[in-house]
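So this first bit is one chain, no partners, the form predicted on its own, shown in structure tokens.
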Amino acid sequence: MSVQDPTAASPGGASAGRVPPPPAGGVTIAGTGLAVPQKRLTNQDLERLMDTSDEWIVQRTGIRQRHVCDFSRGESTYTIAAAALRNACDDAKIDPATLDLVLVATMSMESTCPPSACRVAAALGTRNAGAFDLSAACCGFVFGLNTAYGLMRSGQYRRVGLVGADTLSRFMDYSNAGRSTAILFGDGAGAAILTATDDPTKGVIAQAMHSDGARFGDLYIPEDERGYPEGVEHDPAMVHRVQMNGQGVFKFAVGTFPDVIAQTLDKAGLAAGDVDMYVCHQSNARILDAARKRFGLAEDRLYVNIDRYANTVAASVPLCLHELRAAGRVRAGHKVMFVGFGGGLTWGTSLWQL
């Protein structure tokens, strides 16, 4: 009695049920898109809601306005995520039904079940595409780029829709009690279409993903009495409201942001000036400017749009990416480093050869 080798080719020459080897090619960003709510909340609007001023906000954050959802009209994380992905498909000139996988990076999904990605996939008619949410706060889209790239390099997926979308306005208190956080955040969504290519030089050159969960108390949203850091008493007024140690988060970002850039450059064997564009999470204009100066970068090498969108969490990096591509400032042949840092605490990079 002989035993058949389960990995052997079938008599007809085909490998029955075998997983194909990873392709020799790479991955490219074929299209991008964005979607933001129509309603804008300016600093002047906030002056009428709380004790603050346009000058104070701009001086400390660089923010002048933010977009916020009108939830009474059906706007939500899933609706703007779907709109952004649809726009990205149009930009890439592909039918959404041809996507193999839909990933939505968000920390403000409508529900834990179903994932927002499933609803986004259904809205775009992607039929049986895989879909799941990825929660890494402000690092969501950057971690999503690394995740999608790894899955595509396995050879199992050739066309992935990646969205970063968040609607933190639903967790804000637009009164004096919540002014320290309400001035910072806006709603939005950005998306990218990643496609397999025969060119092996395209895709991730180097990447980094880190976390420090012991410091989660610097930035969190409690859902019930179990969601507080040790030593913090349950306060019903804090439930479903962003809680942030502003000074702690600022110090964390100022330290980890340039360090993770340096780490990634070292992995890639590149100097800071070898990277054509730095597409970074937009949390504070002062943090971005400090990092730019540390590496001796010209102002046009590190993009800033926080003045118009505020901190849109997982959406901030893809919003920047789409605007840069639309303006022709990021294009094929460029080296682009995506950088995120935020709640978790999390921080990371994804350095691409476009």
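All values derive from a computational prediction rather than experimental measurement. One rule holds for the numbers: they count along the sequence shown, beginning at 1.
Keep in mind that the form predicted together with coenzyme A is not shown, yet the notes after this line are about it.
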Quiz prompt | Proximity to coenzyme A in the predicted complex, single hit among Met244, Leu151, Cys118, Leu270 (heavy atom within 4.5 Å) | solution = Met244
Quiz item: Which listed residue (Asn284, Ser169, Ser76, Gln207) meets the criterion of a heavy atom within 4.5 Å of coenzyme A in the predicted complex?
Solution: Asn284
Self-check item: Among 288 to 296, 323 to 331, 58 to 66, 25 to 33, the region lying within 4.5 Å of coenzyme A in the predicted complex by heavy atom distance
Solution: 58 to 66
Quiz prompt | Residue contact check: Asn87 to coenzyme A in the predicted complex, 4.5 Å heavy atom | solution = no
Self-check item: coenzyme A contact at Phe250 in the predicted complex, heavy atom, 4.5 Å
Solution: yes
Quiz item: Looking in the predicted complex, any heavy atom of Ser180 within 4.5 Å of coenzyme A?
Solution: yes
Quiz item: Would Cys138 sit within 4.5 Å of coenzyme A in the predicted complex, counting heavy atoms only?
Solution: yes
Quiz item: Is any part of 318 to 345 within 4.5 angstroms of coenzyme A in the predicted complex by a non-hydrogen atom, and which residues would that be?
Solution: Phe341, Gly342
